[in-house]
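Form predicted on its own, single chain, as structure tokens, below.
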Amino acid sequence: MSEFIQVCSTNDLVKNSGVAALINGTQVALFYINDEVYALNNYDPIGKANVMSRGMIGDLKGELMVAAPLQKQHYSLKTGVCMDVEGVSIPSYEAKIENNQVFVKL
């Protein structure tokens, strides 16, 4: 059973953008939007590179999403499901902020 792992402070994040973190050997892309944090695996399954933290974030049909920086597929920030290619997804992780500290459950 996994537990929340303290990763960083909210001061280490960039509002409305992504940053990469190495958590227990796993690259995680953290996105800080509207005082909430979202966590996806940093690996782009179509572009085949650890680049998701560099993706452009936005809203697509009412869903918060990140556009993969290499080939521009859109992924839900909440679920990691690709919104353009059926059957493709990125692992998503529970994340929370407590007392300005960011926690992620792998």
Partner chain sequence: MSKQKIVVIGNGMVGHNFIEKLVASEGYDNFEVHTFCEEPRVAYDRVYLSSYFSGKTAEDLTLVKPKFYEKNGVNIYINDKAVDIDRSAKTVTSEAGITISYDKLVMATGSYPFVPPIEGNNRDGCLVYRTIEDLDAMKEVAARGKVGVVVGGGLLGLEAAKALVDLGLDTHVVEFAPRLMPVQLDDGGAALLKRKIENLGVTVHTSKATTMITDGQHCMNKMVFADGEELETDMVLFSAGIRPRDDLGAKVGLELGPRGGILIDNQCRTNDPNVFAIGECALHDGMIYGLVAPGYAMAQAVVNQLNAEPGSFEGADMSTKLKLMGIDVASIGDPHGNDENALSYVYENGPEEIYKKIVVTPDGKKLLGAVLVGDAEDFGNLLQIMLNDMDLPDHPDMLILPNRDGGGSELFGPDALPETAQLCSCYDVSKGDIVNAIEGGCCTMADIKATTEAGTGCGGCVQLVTNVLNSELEKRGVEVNTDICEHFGHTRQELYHICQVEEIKDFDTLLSKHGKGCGCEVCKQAVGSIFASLWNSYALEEDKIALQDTNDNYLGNMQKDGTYSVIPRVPGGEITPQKLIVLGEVATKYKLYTKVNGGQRIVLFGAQMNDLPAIWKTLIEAGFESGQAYAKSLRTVKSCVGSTWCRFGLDDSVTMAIALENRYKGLRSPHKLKMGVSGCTRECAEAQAKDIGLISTENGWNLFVCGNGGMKPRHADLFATDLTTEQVFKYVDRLLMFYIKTADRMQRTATWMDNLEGGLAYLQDVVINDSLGMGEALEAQMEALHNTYKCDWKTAIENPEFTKRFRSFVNVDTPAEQLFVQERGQIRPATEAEKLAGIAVEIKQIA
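These figures come from a predicted structure and were not determined experimentally. Residue numbers count along the first chain shown, from 1.
Not on display, but discussed next: the form predicted in complex with the partner chain.
Among heavy atoms of D12, some come within 4.5 Å of the partner chain in the predicted complex.
Though the partner is left out of this view, C82 does not reach within 4.5 Å of the partner chain in the predicted complex, counting heavy atoms only. Though the partner is left out of this view, A67 does reach within 4.5 Å of the partner chain in the predicted complex, counting heavy atoms only. The partner chain in the predicted complex is not approached by K78, whose heavy atoms all lie more than 4.5 angstroms from it. Judged against the partner chain in the predicted complex with a 4.5 angstroms heavy atom cut-off, the residues N16, L60 and H74 are in contact without exception. Residues of 25 to 60 that come within 4.5 Å of the partner chain in the predicted complex, judged by any heavy atom, are Q27, I33, N34, Y43, G47, K48, A49, V51, R54, M56, I57, G58, D59, L60 in sequence order.
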